[in-house]
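The chain below stands alone and is given in structure tokens; this is the form predicted on its own.
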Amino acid sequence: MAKVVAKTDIGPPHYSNMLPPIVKENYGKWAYHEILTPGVLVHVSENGDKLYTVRVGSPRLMSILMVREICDLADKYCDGYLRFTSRHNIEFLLTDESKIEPLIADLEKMGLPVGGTGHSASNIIHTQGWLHCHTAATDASGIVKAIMDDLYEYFVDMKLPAKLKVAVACCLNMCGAVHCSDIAILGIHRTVPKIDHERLHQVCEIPTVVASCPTGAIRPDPKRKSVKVNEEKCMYCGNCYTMCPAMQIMDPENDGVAIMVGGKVSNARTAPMFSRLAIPFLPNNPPRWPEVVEAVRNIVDTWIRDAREGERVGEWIERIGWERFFEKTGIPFTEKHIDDYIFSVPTFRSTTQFKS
């Protein structure tokens, strides 16, 4: 008699259980794909089957009511199938071409733009910001809204030299893809944590706080039953505040954002690239962050004027040189741009294009 063993850890469901039937039937058999109009793609299989994709920009942080409305559209037009991309786009997967225009019309009524394909600006990937994150140096949703309002024309049309990927991370922990995006906004702290010595030993484990510092800037202070911070070693990351609420890192006057440029994940044409510093500091001026929006627009406009067809921001900079980049954009070069970090990432083998 066979034994039936109960599963103790079933884990997540297998992805194949959630694929549309047309994808299951043509898995590994797709011949090619085309962009029909901005935001609308078609994948054609070796069997002649066609899968249509309508890509929509989403606000990322949305109410359950909005999620239900999106699911209702998927039920109405796509047999219930849709997906969220890694950059917060919503993709509706259709097999009936006649349903594309009615779907787009309903999306427009909801205020959801269709686009983000080909040589366009993709939806901005971003982190939690002030809304949810306790170590945030800036907001994420507010900056993203302000920037995308300004770059909206490049999301709904495909008139850029190449694809443009923008990212926002609200602190140095970089939950967003700021290390590998064409343009990246990074929230930064500029002051060391403020230590509440009276409270620290009551709410924090000192060995854990010491171990949380990646640069070894924190040491025990036995006399106070607390800790002390070596300001020269501190990089203002906020890890200590994550472990200990008695080490407040946020500073309204000195917190702000830095802008990085030139990163990409793709292997196309050139190896993947890490983003590098362009603007060391811009202030937090909510709700519209005018300085940040102006700086991003300036970089984008300069890239559009000077880049060749198909040239990503980082590839454009590598061709003209960083000196010309600062000259063309009018961004001042300062000592902050000099990389004196002994573990500098450009010295690492960061590419998937290996040579023996």
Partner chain sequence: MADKETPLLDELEKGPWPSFVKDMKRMGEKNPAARDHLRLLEKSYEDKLVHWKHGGIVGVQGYGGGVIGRYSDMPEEFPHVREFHTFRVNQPSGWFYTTEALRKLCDVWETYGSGMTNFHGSTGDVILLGAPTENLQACFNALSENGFDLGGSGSDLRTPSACVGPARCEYACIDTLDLCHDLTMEFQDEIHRPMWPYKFKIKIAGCPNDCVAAIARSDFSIIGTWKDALKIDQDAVKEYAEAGFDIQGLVVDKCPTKALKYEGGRLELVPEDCTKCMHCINKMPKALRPGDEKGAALLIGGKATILQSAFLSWVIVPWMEMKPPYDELKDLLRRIWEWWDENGKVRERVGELIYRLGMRNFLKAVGLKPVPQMVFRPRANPYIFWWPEEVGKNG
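Numbering follows the first chain given and starts at 1. What you are looking at is a predicted structure, and each value in this text was computed from that prediction instead of being measured.
Only in words, not in the display: the form predicted in complex with the partner chain, which the text now covers.
*Asks:* Although the partner isn't part of this model, could you tell me whether Val227 comes within 4.5 Å of the partner chain in the predicted complex, counting any heavy atom of the residue?
*Replies:* Output for Val227 is no: heavy atoms all beyond 4.5 Å of the partner chain.
*Asks:* At 4.5 Å between heavy atoms, is His132 in contact with the partner chain in the predicted complex?
*Replies:* Contact with the partner chain, yes.
*Asks:* With a 4.5 Å heavy atom cut-off, would you call Arg269 a contact of the partner chain in the predicted complex?
*Replies:* Contact check for Arg269: yes, within 4.5 Å of the partner chain in the predicted complex.
*Asks:* Give a yes/no on whether Val210 approaches the partner chain to within 4.5 Å in the predicted complex, heavy atoms considered.
*Replies:* No, Val210 sits far enough from the partner chain in the predicted complex that none of its heavy atoms falls within 4.5 Å.
*Asks:* Name the residue from Lys99, Arg219, Arg83, His201 that puts a heavy atom within 4.5 Å of the partner chain in the predicted complex.
*Replies:* Going through each option in turn, the one that passes is Arg83.
*Asks:* Even though the chain is shown alone, can you say which residues of 243-265 have a heavy atom within 4.5 Å of the partner chain in the predicted complex?
*Replies:* Result: Met243, Cys244, Pro245, Met250, Pro252, Val265.
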